[in-house]
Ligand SMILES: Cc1ncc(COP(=O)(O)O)c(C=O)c1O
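In the block that follows, a single chain appears as structure tokens, in the form predicted on its own.
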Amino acid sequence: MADTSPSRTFPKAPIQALPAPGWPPTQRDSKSGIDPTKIRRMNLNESPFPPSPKAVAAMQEAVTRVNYYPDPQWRDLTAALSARTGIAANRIIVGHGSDELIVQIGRLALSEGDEVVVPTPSFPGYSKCAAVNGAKLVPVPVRQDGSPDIDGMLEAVTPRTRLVFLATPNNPTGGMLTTEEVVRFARGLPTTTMLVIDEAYYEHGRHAGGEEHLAALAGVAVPWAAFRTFSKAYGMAGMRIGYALCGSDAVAEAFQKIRSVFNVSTVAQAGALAALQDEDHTRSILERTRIERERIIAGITRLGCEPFPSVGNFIAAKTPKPPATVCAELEDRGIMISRLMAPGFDGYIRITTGTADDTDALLAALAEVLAA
């Protein structure tokens, strides 16, 4: 029998030090005993609304061509994104979701002993990006409005800082930054640091009155890229497609050097292009999301919770009962939400916006849980 004991050299040391992975729970993981098809999934920041019918039709047509490899340069999609954003097509990198881009930027920017400055609480993928490359995560608590504390983050930068993630709107708190703040932050960073502006919820922020930052970043010296996705406002989380808008040819070329050749499927590319072009459908998703977000914020406030003023498709809120208890008792009633795990924020839950029926069910169940 082969020796199955762990190797001292494989995997590499930073990977050996990582804890066992924990997967985001879906309805099939619920221990409530309720039929998974009856459980309301309000824990993963997905859109409860399906993608544009035009995107569905485009993906159905594309399925007939999957015997061929997809376009490795995503040319139709990057041309459309370039026209929309003003970023040259050769500076747009398409990824298998924003997650792939986060993995890639860690490979590009980090070596063992480097530092990564991030807001906290924020997207857990930043922590993993640092850990797998042997880098140190430097978290800086968000401001009271849930937006990144740019002054605090600048103070946290040291000569070892090689990567900074700036999420706006920030997940899970939903606060966003102004263009003046983003540019001031970028200009305050040393040119030895790579800046990633995580705009996974860009469309939600714009719908809430937020600003477009890209043009104002054109003159900054620090290397940067903005990450966006089709998972949220376009209702395409299951297709796994995101993109990086790079601030220079050099940043884009670095991504091109390390990525997989055929990384995004023909079906995903076709669906994303059609979704991008159906602006009426996207506006409908954003507006319905806004309505339910505001209903949830108002409802949970009446129940004694203290929510951040989110502009995303989610709400983080401090609860009068322990979050673990709230989450478990809601799951027993067929509603899945999540809780924040960042130090200093362990009294908070996070709720993904859903349909109007989801909001009604959530508020009724939460009233029961908090009154018990």
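Residue numbers run from 1 along the displayed sequence. Keep in mind that this is a model prediction, so the values were computed, not measured.
One more form of this protein exists, namely the form predicted in complex with this ligand; it is left out here, but the text below deals with it.
Q: Indicate whether residue 211 is a 4.5 Å heavy atom neighbour of this ligand in the predicted complex.
A: No, no contact at 4.5 Å.
Q: Within a 4.5 Å heavy atom cut-off, is residue 126 in contact with this ligand in the predicted complex?
A: It does: once this ligand is placed as it appears in the predicted complex, residue 126 has a heavy atom within 4.5 Å of it.
Q: Taking heavy atoms and a 4.5 Å cut-off, does residue 229 contact this ligand in the predicted complex?
A: Judged by the heavy-atom cut-off of 4.5 Å, residue 229 is in contact with this ligand in the predicted complex.
Q: Might residue 121 be said to contact this ligand in the predicted complex, defining contact as any heavy atom within 4.5 Å?
A: No.
Q: If you check 246, 296, 268, 200 against this ligand in the predicted complex, which one has a heavy atom within 4.5 Å?
A: Checked against the cut-off, the match is 200.
Q: Heavy atom within 4.5 Å of this ligand in the predicted complex: which of 161, 147, 104, 98?
A: Looking at 161, 147, 104, 98 one by one, just 98 meets the 4.5 Å heavy-atom criterion.
Q: Taking the partner as it appears in the predicted complex, which of 232 to 240, 276 to 284, 177 to 185, 252 to 260 has residues with heavy atoms within 4.5 Å of this ligand?
A: Among the listed stretches, the partner-contacting one is 232 to 240.
Q: Is any part of 158 to 173 within 4.5 angstroms of this ligand in the predicted complex by a non-hydrogen atom, and which residues would that be?
A: Only a single residue, 171, comes within 4.5 Å of the partner.
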